[in-house]
Ligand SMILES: Cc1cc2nc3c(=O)[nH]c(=O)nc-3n(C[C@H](O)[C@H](O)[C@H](O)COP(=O)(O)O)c2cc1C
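Here's a solo chain for you in structure tokens, the form predicted on its own.
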Amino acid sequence: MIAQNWKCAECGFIAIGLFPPDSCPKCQAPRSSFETEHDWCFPREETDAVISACWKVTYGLYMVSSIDGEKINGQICNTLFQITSDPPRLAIGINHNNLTHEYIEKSGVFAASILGTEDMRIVRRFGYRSGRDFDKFKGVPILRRRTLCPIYEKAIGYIECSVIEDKTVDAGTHSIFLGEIVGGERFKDEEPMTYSYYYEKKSEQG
């Protein structure tokens, strides 16, 4: 499943994730107060059962970045996968409302920095604020390679892509971009960050 926007009907707070939070971080309203743009294809009373099953579908966490001229932006993405090997191609899902989506549409390029289990700070920095009002890359060491998209220098590695013309799919709240891999490298041999690992550690840290 792809992360989407969830709006609290009580206070208007917007949460982004695969599912609504257990309670609203702003007003503490219950999960049932959150609404999304689309109806689910199962009864709401089955929500907990579906969430429990979906947690067993594995996801990685990546910092996906793009450019608009001299401007750069990045975000956390959990929907990235290699879809073909010959030729090598990636697919990613990006929310229509995100600045990174706008940059990918304009430039036709993106890069994915592969995060490790020590990159909790990067997930928080790039996953919870918009690049429209906050310079996410300030103080973050980056590299520029073939596409000129910013790459997190301390990542496990990176892959960069050129979006294939006429292959972008409108999936409702998100676009699925299909990209030709034009470059990449593994910097170190470490365990990659997963969505479930991040939330387990986040819960432990409070």
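Each residue number is its position in the shown sequence, starting from 1. Being a predicted model, the structure only gives us computed values, none of them experimental.
Here the subject shifts to the form predicted together with the named molecule, a form of this protein not shown in this document.
195 is the sole member of 13, 19, 187, 195 with a non-hydrogen atom lying within 4.5 angstroms of the named molecule in the predicted bound form. Contact between residue 73 and the named molecule in the predicted bound form is found at the 4.5 Å heavy atom cutoff. Residue contact with the named molecule in the predicted bound form: residue 130 places a heavy atom within 4.5 Å of it. With a 4.5 Å cutoff on heavy atoms, residue 78 counts as touching the named molecule in the predicted bound form.
Contact check for residue 113: every heavy atom lies farther than 4.5 Å from the named molecule in the predicted bound form. Heavy atoms of no residue among 82, 109 and 158 are located within 4.5 Å of the named molecule in the predicted bound form.
Annotation for 79 to 104: interface residues with the named molecule in the predicted bound form are 79, 93, 94, 95, 98, 99, 100 [heavy atom within 4.5 Å].
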